[in-house]
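In the form predicted on its own, a lone chain appears below as structure tokens.
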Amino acid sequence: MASGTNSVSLASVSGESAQRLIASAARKASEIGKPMCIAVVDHAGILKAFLRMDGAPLLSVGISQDKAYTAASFGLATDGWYDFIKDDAPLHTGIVHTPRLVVFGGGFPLFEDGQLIGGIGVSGGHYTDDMEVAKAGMTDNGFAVD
């Protein structure tokens, strides 16, 4: 991260990479026979690319985008949130009311050279299916899945 006196330079997922992530994830969703919504956001959580596959549930449009946003905003996969908050009563009771926070699987941060560059979120099946589809998109495009 290069910086000047009053600024920093941040890396962000490219539009081309976001489209490749969407395509790979959609292929996996088709393979398992589940139409899904797939969202990729940049380092700031702003939508970079999106696909609602034919037949994907309408509710999944917002959920997929919120999963990507959650992952990018904290650098933590959405399936990690429940374990992070479950034994902390004040956090468990309060943070779940945070807009756009998703605490179940299907959202993953995207890192390149140790720097957070975005997030991917998938919704349309059980969250375990969503995770499988997101992971396929990531691994097909050289992103580590932790």
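When you see a residue number, it is the position in the sequence shown, counting from 1. None of the values given here were measured: they were computed from a predicted structure.
Below, we refer to the form predicted together with a further copy of the same chain, which is not included among the displayed structures.
In the model of the complex, at least one heavy atom of Ile63 sits within 4.5 Å of a heavy atom of a further copy of the same chain. Interface membership of Ala49, defined by any non-hydrogen atom within 4.5 Å of a further copy of the same chain in the model of the complex, is confirmed.
Contact check for Gly33: no non-hydrogen atom falls within 4.5 Å of a further copy of the same chain in the model of the complex. Interface membership of Lys135, defined by any non-hydrogen atom within 4.5 Å of a further copy of the same chain in the model of the complex, is ruled out. Taking a further copy of the same chain as it sits in the model of the complex, the stretch 10-32 comes within 4.5 angstroms of it through a non-hydrogen atom at Leu10, Ala11, Ser12, Val13, Ser14, Gly15, Ser17, Gln19, Arg20, Ile22.
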